[in-house]
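Just the one chain here, laid out as structure tokens, in the form predicted alone.
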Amino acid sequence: MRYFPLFADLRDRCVLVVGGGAVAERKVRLLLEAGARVRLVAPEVTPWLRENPAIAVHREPFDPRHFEGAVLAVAATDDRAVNAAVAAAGRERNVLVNVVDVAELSSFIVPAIVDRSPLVIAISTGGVAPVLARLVRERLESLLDGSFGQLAGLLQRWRARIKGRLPDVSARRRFYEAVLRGQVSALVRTNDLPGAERELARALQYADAPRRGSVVLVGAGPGDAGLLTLNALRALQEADVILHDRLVADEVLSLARRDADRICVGKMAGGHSVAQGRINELLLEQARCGRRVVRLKGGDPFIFGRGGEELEFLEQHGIPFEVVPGITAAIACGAYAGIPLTHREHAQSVRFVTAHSLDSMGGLDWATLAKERQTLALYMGVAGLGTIRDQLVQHGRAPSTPVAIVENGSRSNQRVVLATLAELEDAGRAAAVQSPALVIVGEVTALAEKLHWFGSAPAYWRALRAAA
């Protein structure tokens, strides 16, 4: 993050604007709305600038002495030399300067603004793509109607009373969250401000009632934070504590509330693991403390994620819960590798199978899994590639059946290795495949060569072997 975002109080403070054209006029209008005292320097100025009594106009060329007493400066001329001189004078005096549309000369950026005062949203691309910032602003303008300003004003008027009634920061945050998602907001949207005031007073009166903890079981998807659902994002923003798996991507965790506690409870083959019983105890402990708990699992919590076991435990202990599904690894890995899991010409069904250990694979119905015209998506199968190959071939699947190993599916370091079923173990070993990785078996995997669209192109095992 190159630019630090902040909102400056410019009331009755001097801001220097160099330039007298239409661009300078736009900047001056914005500064006056913020209560700044504007000192304008330019040989020629627009009529509006010249005739506005709130502006101290100096009809002369720029000189560094014009910086005296200024806390900010804006260079808005079409003369690069003058703009550069303003930027240099600002650096010498430790005054932040914005040179309009010239990021390399600027020490601060004026963002695109959505104004729902006292709610104000600023959008910036650091000066590299101002049109994109304006596009984002347009979208936000359509999403945020005028009621947001009224709601912010209502909360501003009640702020002191709310703080006095709820001195604890966490309790106050929970109260605001409940208000903003409840009846108060609904009444403001219908322009019933007296009703909103009454509802806010009622909510504040009962705000210290004991809070009941709860758990939200959330699917984090396979890695790409863009695959999170809106409900998952909401849960992360509301969480007091997050119990997350090891494979949950940092990009996903970064979307959570900054002050939420994070507890890693992931399992790693051959490494440190948190037993399932201990995870259940942590969920219960945190919920009984009245906290909003998010149990964040990679993929989908109900697909080989033990989500059902955890909910059964919570139900036995009377803890309320919700479930937010996620995109499971098979769906994402197939899509990001260009492998359709079903296809009219190749596969009329798809099976999700866990191959976590030799014991679990021993209980699988291999005869059914080896049938043709279906796709197999094998989770946690990296350690058992040889067993997968042997069992499928032994039960009738052709050794020439195309297969794919998708490592880190949907992430920036995704790799896809293509081979045949007979080559599966050798391909995985030679490519040094590591978890998380998904094995896909079936004719549809051959489509990855022409349908891949994300990351590097799939690598054929035969080509890798020839290159070696």
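Since the model is a prediction, treat every value here as computed from it, not as a measurement. So that there is no doubt, residue numbering starts at 1 and follows the sequence shown.
From this point on, the text means the form predicted in complex with S-adenosyl-L-homocysteine, which you will not see here.
- A residue is said to contact a partner when one of its heavy atoms sits within 4.5 Å of a partner heavy atom; residue 412 fails this definition for S-adenosyl-L-homocysteine in the predicted complex, lying far away.
- Not displayed here, S-adenosyl-L-homocysteine is approached by residue 298 to within 4.5 Å at the level of heavy atoms in the predicted complex.
- Although the partner is absent here, residue 329 lies within 4.5 Å of S-adenosyl-L-homocysteine in the predicted complex, judged by heavy atoms.
- Under a 4.5 angstroms non-hydrogen atom cutoff, S-adenosyl-L-homocysteine in the predicted complex lacks residue 336 among its neighbouring residues.
- This chain is drawn without S-adenosyl-L-homocysteine; in the predicted complex, the residue among 366, 175, 304, 158 with a heavy atom within 4.5 Å of it is 304.
- The partner is absent here, but in the predicted complex a heavy atom of 437, alone among 424, 437, 42, 416, sits within 4.5 Å of S-adenosyl-L-homocysteine.
- The stretch in contact with S-adenosyl-L-homocysteine in the predicted complex, judged by heavy atoms within 4.5 Å, is 400-408, chosen from 33-41, 424-432, 54-62, 400-408.
- With contact defined as any non-hydrogen atom lying within 4.5 angstroms of S-adenosyl-L-homocysteine in the predicted complex, the stretch 41-78 contains no contacting residue.
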